[in-house]
Structure formats: structure tokens, C-alpha cells
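First, one chain by itself: the form predicted on its own, in C-alpha cells.
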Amino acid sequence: MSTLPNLSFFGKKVLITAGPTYEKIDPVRYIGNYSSGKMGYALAEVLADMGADITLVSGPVHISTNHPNIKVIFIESAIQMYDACMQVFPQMDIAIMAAAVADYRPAEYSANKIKKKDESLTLELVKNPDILASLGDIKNAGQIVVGFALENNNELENAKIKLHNKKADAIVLNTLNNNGAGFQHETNQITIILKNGAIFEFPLKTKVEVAKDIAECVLKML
């Protein structure tokens, strides 16, 4: 793809989610995942450099932002991320959902540490709200919603299903089957599927370069 023009997103308000969510079991334990937040934070920095006004809703990560155009809302749980996104999305032009949100949370939270006493412990889990689908349901004709899909089988087919079911405008697909892609890496390898059927495949790149590729695809939809 061609070199990105400078400040292509000037005046655009962009919501980005990043990192994992932690679903508390008790005061010392939680359900989480291996997301580092690096992809979402790279997107925030790249789009801010291109003139966008960024609202970054971030789960627990060990990264900081540099650009003054990035406002960070720190959250911990999926419900907190859902609430933050639903509150700010109506004012946004673009939403890019790069966070690895937990699908389920414990049905009950124990205010006291659960003591080890039995040979097994059973946790009941309940489904968390689907942030991407919720934004897809309420977006207007002028808003663009981009989702992420991390797959390890039937990758392209599953990503296309997600694109349709979530009413997204694009899905960024990456797979656990590619070395150097997925969680905890400085690199990623993606395929972007647009709502109009266009598919763009990219080689393994740094996450900053991947963020630039995603930005250019979003520009095609503006």
C-alpha cells in the first residue's frame, strides 16, 4: 500500500480498546488472558500521529502513551470496558476494538479470599456483554467499527462470520498458528477483511507497521 498521507485523521475522534480484562474471583485471583495491549497502544500512537483525537480504553497493561492527543480510560473488567465504550462511542467517528475481552466472568465474587480446603473447586461463569456487537448495533451510517479476531482454525471463515454477526465494517484477523503473531509479541501478521468483501493480507511486521496498515484500510472506508 502507498505511504500514508500526514494528518489524514485530523479532526476524527477515534475510540480504541487495548489489553486484557481481568474478571475477579476473589481479592487475590482473577480470570485473564495473555494480551499485552501492544497492538492497541500502537494503533493509538499511530492514529494520534495522523491527527486523530484518541480515546483509549485500556485494560491492565505495562505500557504508557506518549502522544498528547491520547486520552486513556483505565478499566479492569469487561463490564467496565463495555460501560466506558458505550458512554463515549456516540461521539466517535471510528472505533477499533483491539482489546482481548474476557468472554465470561465468575457468576459470584467472593469478598474474602477463597481458602484451599477441597480437592476441587467449581466456578460458575456467566457471559460478558459483547462490546463489538453492541457498537455494531448502535452505530450510525457515518461511524466505522473495526473488530479483531484471534483464531487458530478455520481462520478466514470464522473472521467473515464475525464480521457479519457483529455488524462491523472490518475485521482484523490474526492467528495463533503464525510464529511471531498474537499475544506478547512485538510483531503481528494480519489479514484485514472489509465489509465490501475486499481482503488484504500482510506479512509479519512490527506492531507499529501493522497499525499503519490498519489505518490505511480505515482510510479507504472514510
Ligand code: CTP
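One-based numbering along the sequence shown. These figures come from a predicted structure and were not determined experimentally.
From this point on, the text means the form predicted together with the ligand, which you will not see here.
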{"item": "Segment assignment from 150-158, 43-51, 189-197, 28-36: heavy atom within 4.5 Å of the ligand in the predicted bound form", "value": "150-158"}
{"item": "Every residue of Ile16, Lys71 and Asp93 near the ligand in the predicted bound form, heavy atom within 4.5 Å", "value": "no"}
{"item": "Partner proximity in the predicted bound form: Lys162 to the ligand, non-hydrogen atom cutoff 4.5 Å", "value": "yes"}
{"item": "Contact test in the predicted bound form: Glu76 vs the ligand, heavy atoms, 4.5 Å", "value": "no"}
{"item": "Contact of Asp83 with the ligand in the predicted bound form (heavy atom, 4.5 Å)", "value": "no"}
{"item": "Pro106: touches the ligand in the predicted bound form, heavy atom cutoff 4.5 angstroms", "value": "no"}
